[in-house]
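In C-alpha cells, the next block holds one chain alone, the form predicted on its own.
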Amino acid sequence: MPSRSAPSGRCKPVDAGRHAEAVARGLYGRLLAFVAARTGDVARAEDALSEAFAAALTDWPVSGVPENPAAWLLTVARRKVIDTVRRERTRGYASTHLQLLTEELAGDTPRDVPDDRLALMFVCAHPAIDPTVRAPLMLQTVLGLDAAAIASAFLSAPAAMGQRLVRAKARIKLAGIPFRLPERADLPERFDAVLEAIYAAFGAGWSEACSSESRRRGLTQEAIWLGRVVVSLLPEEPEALGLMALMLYAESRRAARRTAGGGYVPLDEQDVALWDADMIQQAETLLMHASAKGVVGRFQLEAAVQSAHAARRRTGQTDWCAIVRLYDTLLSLTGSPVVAINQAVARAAVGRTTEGLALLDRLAADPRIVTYQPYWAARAGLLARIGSTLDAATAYRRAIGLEADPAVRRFLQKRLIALEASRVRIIMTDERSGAGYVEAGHDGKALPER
C-alpha cells in the first residue's frame, strides 16, 4: 500500500523488519482489540492487521517510520476491513449489523488508540470458549503468536491447533460475545478464567524450561508479558498482582535449574547465587502490594510459598514451617490435588512424613493421579524416608516411566539406584548382625520443582 494513503508525519527510515516486530510486540493486541471490538470478528481483524503490517514492511524503509505508527497501522487495517465489507455488500454477503459497525470504523482515526486488550482477554476467556483453547487464543490475539508457534508450545499438531483457534474465533462471532468488560456480578468468575489462562501458558513454558528441548522456549516470557498487561490495566487487583509475583519468583530461578552439563537441579539443591535478585525484588514488591489489599486468593498464597523459598537466598535456610502453614490455607481454599502433593512434601520436610503419606493415600483414588508424575515422585521420596524401600522403588519406577524430560528422568533414576544400593546394604547388615529394619537414609525430595 503506498504511503500517500497513510497519515503524514515521518521520522528517518529504519530497518523495517526490526521496527515492525517491535511495533507488533507492543501494539498488536491493542490494535486487534480495537478493530475486533468494532467488527465483532477477530479473524477479520487479524487479516486486516496482517495486511497493515505487510504494508509497513514495504512503505517504511522508503518513506520512514510514521511519527504515530499505531495510527498509521490502524488506518491501513480499517481501510482493509471497509474494502472487504464493501465487496461483500456488493455480492449480498455482508449483514446489516456488520455494515453499521464498519461505518463506525470508518470514522476518524484516533491518535491514541484506546486500550481494549483487557476486554479482548475477557472475550478469550468467555464461558462459551473451550477452556483448553483460552490460553492459546489469548497468546494469538493479544501477542500475535502464530498457530504453529502456539502448537509447538502446547505439544499439539499445528493443523489441529490452527483448527481449534479458527473454531474459537468463529464461536466468538456466532455467539456475539461482546468486546467489553463483564458486568460486576460476572467479573470475579471471568477474571479468574483470564488469570488461569495466563498461568496455563506460563506452566506450559515452565515445564519445558527444565528440558533440553526448545519447543516451548520463550513461552514463559509471553505469559509474563500477558501478566504485565493485566497488572498495567488493573493495578489494584490483588490476584493479578499475586499471579505476576508468582511467575517472577519462578522465573528468577531459571539459571539455577540446570547444571552446566544440562542436569536437573531440584529446588532445595539450587545455588541461590544464580537466582535473579532483581526479579525476586520485583516479585516481593508486587506481593506486598497485593497483601495490603486485605483479600487473600490462590495466586497470592502460591506466591507467598515461593517467597518463603526465595528467603533462602538471604538466610541460607528454608522456613518449612511457614510453607506448611501456607499450604494448609491454600489446600483449604482450593482442594487442589497438586497443592496436596506439595503439602505432603512440606510436611515431610518438618518431620511429619506419616501425615504426608496419609495425604498422598487420600489422593490415590483420583483417576488423574495415575498418570501424574509428581505424585509418584513425591510418594517415592516419602516412602523412602520411613524405610519402605520396596514400595518406594516401585513408586520411583512409575515416576520414571511417566517423565518425558530426560534430565529429570536421569535424576529420578539416580535416586532409585541410591535407594536400591541402600536397601542392599541394609539386607547385608541384617544378615550379619540380625538387627531390625533400618531407615534407608534417602532424603525424599524427589518432587520436581513446580
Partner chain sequence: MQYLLLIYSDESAMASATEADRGQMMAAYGAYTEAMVQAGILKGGDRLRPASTATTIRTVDGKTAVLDGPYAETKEQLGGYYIIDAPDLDAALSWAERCPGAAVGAIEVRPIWAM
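Please read these numbers as outputs of a predicted model, since none were measured by experiment. Numbering follows the first chain given and starts at 1.
Below, we turn to the form predicted together with the partner chain, even though it does not appear here.
Stretch-level contact analysis of 286 to 294, 349 to 357, 123 to 131, 255 to 263 against the partner chain in the predicted bound form, using heavy atoms and a 4.5 Å limit, identifies 123 to 131.
Of the listed positions (A175, C321, A159, V370), a single one reaches within 4.5 angstroms of the partner chain by any non-hydrogen atom in the predicted bound form, namely A175. This chain lacks the partner; the member of R167, R312, R190, R86 within 4.5 angstroms of the partner chain in the predicted bound form by a non-hydrogen atom is R190. Among residues of the shown chain, R362 is not one whose heavy atoms approach the partner chain to within 4.5 Å in the predicted bound form. At the 4.5 Å threshold, heavy atoms of R180 reach the partner chain in the predicted bound form.
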